[in-house]
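One chain comes next, on its own, written as structure tokens: the form predicted alone.
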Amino acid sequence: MLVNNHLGILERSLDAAMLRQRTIANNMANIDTPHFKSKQVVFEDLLQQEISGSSSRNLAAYRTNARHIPFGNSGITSVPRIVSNPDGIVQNSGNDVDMEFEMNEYAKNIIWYGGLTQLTAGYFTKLRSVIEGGGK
């Protein structure tokens, strides 16, 4: 099997990083919007719970289409979720966006995304090496 669990985890992690980037950009764009509540992406904790088996959820297969037949225990199914930021300090305008916090999260996400792309590239480089005979 060419596609294993590691590639699936990398794929989900890249999806989470992209969603986080959009969420941070949305938070920054709405810094002057009255009563705007900032959001954040939750993924890594859910993935860690699923990998360690401490998740209380019943694992089900990841399906790319709702018409696919569901089946269980066949892979990582954690998906990133957008939730309200519970630690946001509300300003007088009712807005809780903290630009310094968002810039910090933006920088962390860029580093995280870069690492994930390097891991993914490394996976395919190894796969290519195996297919081509490992350098003979």
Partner chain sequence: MSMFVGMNTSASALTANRLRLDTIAANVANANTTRATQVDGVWQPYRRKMVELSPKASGQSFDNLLQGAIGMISGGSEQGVRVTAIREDNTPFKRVFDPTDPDADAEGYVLKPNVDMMKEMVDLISASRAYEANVTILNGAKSMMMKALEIK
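Numbering follows the first chain given and starts at 1. It should be emphasised that the depicted structure is a prediction, and the values quoted were computed from it without experimental measurement.
Keep in mind that the form predicted together with its partner chain is not shown, yet the notes after this line are about it.
Taking non-hydrogen atoms only, P34 approaches its partner chain to within 4.5 angstroms in the predicted complex.
With a 4.5 Å cutoff on heavy atoms, N85 does not count as touching its partner chain in the predicted complex; it lies far away. Its partner chain is not shown here, and in the predicted complex it never comes within 4.5 Å of any heavy atom of Q49. Taking the partner from elsewhere, L19 is found to have a heavy atom lying within 4.5 Å of its partner chain in the predicted complex. Heavy atoms closer than or equal to 4.5 Å to its partner chain in the predicted complex belong, across 99-127, to the residues M99, M103, Y106, N109, I110, Y113, G114, T117, T120, A121, F124, ordered by sequence position.
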